[in-house]
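Given as structure tokens, the chain that follows is alone and in the form predicted on its own.
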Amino acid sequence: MKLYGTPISRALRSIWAAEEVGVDYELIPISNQADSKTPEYLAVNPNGRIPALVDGDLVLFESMAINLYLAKTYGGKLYPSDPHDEARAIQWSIWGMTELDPQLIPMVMHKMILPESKRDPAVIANAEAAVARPLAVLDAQLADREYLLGGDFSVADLNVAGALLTANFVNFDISKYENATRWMSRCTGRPSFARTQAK
């Protein structure tokens, strides 16, 4: 199995998933820069982005799709066996991409990636204001449970926590969302996340 990407990117989510399920894989360091636009890599992911996964004849891109596949194929209890919980795991995974990413990624762009001359404090302020709504939703979901689907860590938690890790990159404080903060600590306290950090 080959996993393309670097830990300081959305590929971190899929590196974490691979570590969580305990599968043997080769991490191939590809960034979102010129090396992801080569003909060789575009044959793997025609979007020219990371991460991407090659497992035998299967080629996948998009971090959440990769993680759902790894969890279902190799993760045992990480992937829910109940159809309702499976649907909720998919729901929360999509939610991470549609509700958190659109607010957190602009923060990364305007705090870290763009040249100083192109950074816009108004974009950051708008993103910080907009992310309050999904964080409140997450906090409410975790008010009476340890994890998103109940008492056990699942791929839903890994995927949403993986998306929320972007807040750490830009030092965005989520501590006022106490339930979400405790949940995030439980998720990132797992041995698989420590191994991910070691990458």
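One rule holds for the numbers: they count along the sequence shown, beginning at 1. All values derive from a computational prediction rather than experimental measurement.
There is also a form predicted together with a small molecule; it is not shown, and the following applies to it.
Enquirer: Looking at heavy atoms inside 4.5 Å, which stretch does the small molecule contact in the predicted complex, given the options 152-160, 30-38, 137-145, 170-178?
Expert: Comparing against the small molecule in the predicted complex, the contact stretch is 30-38.
Enquirer: Kindly confirm or deny that 68, 78 and 93 each have some heavy atom within 4.5 angstroms of the small molecule in the predicted complex.
Expert: Zero of three within 4.5 Å in the predicted complex.
Enquirer: May I ask you to check whether residue 62 falls inside a 4.5 Å heavy atom distance of the small molecule in the predicted complex?
Expert: Because a heavy atom of residue 62 falls inside 4.5 Å of the small molecule in the predicted complex, the answer is yes.
Enquirer: Does residue 50 make contact with the small molecule in the predicted complex, using a 4.5 Å heavy atom cut-off?
Expert: Yes, contact at 4.5 Å.
Enquirer: Heavy atoms within 4.5 Å of the small molecule in the predicted complex: does residue 124 have any?
Expert: Residue 124: no contact with the small molecule in the predicted complex.
Enquirer: I'd like to check something about residue 114: if you look in the predicted complex, is any of its heavy atoms closer than or equal to 4.5 Å to a heavy atom of the small molecule?
Expert: Residue 114 lies outside the contact set for the small molecule.
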